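Taking the form predicted alone, here's one chain by itself in structure tokens.
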């Protein structure tokens, strides 16, 4: 299927590895020019080189820095001639016991996982509406739908973003001009983030890491963890011309692990 987004420009945050990289790869395959960001410059440039090899016809630009900082956001926005597609993504806050978190810890989580995506949306959504095309994807977490006990910071911050998007996406000012905003809720995907969470669970349970990992795999009907590549493919479709009637949705990708009906 031709997704009809060749030649568009995308800003993909936290794209040097993991789910962000999977999204960037899928978009580049479709002929989308990308600006990718990450804190680690070496890993970012390595990924950029891989993306250029994947599709030499597209432009791949890099901006190293913490997207949670205003200067890094400004640099990322400036690196694009315009932004047709925005993929908001950032490393999740650490797991732990909420009794150990002070106010500053909470504010840091809210700033990175709620306020930063909102700031980026604020900058791009108006021009998207003027051009008559815009796709905004927020990578959140399955914890928005099925909270995870040790991920309280993520549960709270990402749920706040989800509530905000629920209202903004339904504004006729933007939806009527072919601008959509959707959230992707990853379950257990084979990323560095998952490895850290598994280690936390293993430590808490006093069990070997591989035993805990195998139990989590078995908890999914798919009996495996997801891959960044398949996550990216869904992202690319949601960014396509064919997804213009999908708006304000929380797309859960968890291999069927969520036990509810709705």
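All of these numbers come straight from a predicted model, not from anything done at the bench. Numbering follows the first chain given and starts at 1.
Omitted from view is the form predicted in complex with a small molecule, to which the following refers.
> How about residue 16: is it within 4.5 Å of the small molecule in the predicted bound form, going by heavy atoms?
Because a heavy atom of residue 16 falls inside 4.5 Å of the small molecule in the predicted bound form, the answer is yes.
> Just checking whether residue 189 would be counted as a contact of the small molecule in the predicted bound form - the rule being heavy atoms within 4.5 angstroms.
Residue 189: contacts the small molecule in the predicted bound form.
> Answer with yes or no whether residue 66 is in contact with the small molecule in the predicted bound form, where contact means some heavy atom within 4.5 Å.
Residue 66: contacts the small molecule in the predicted bound form.
> Within 4.5 Å, heavy atoms only: does residue 217 come near the small molecule in the predicted bound form?
No, residue 217 sits far enough from the small molecule in the predicted bound form that none of its heavy atoms falls within 4.5 Å.
> Taking the partner as it appears in the predicted bound form, which of 179-187, 128-136, 161-169, 95-103 has residues with heavy atoms within 4.5 Å of the small molecule?
Of the options, only 179-187 has residues within 4.5 Å of the partner.
> Among 38, 236, 35, 28, which has any heavy atom within 4.5 Å of the small molecule in the predicted bound form?
Selected option: 38.
> Out of 90, 120, 109, 80, which one falls within 4.5 Å of the small molecule in the predicted bound form, going by heavy atoms?
Selected option: 90.
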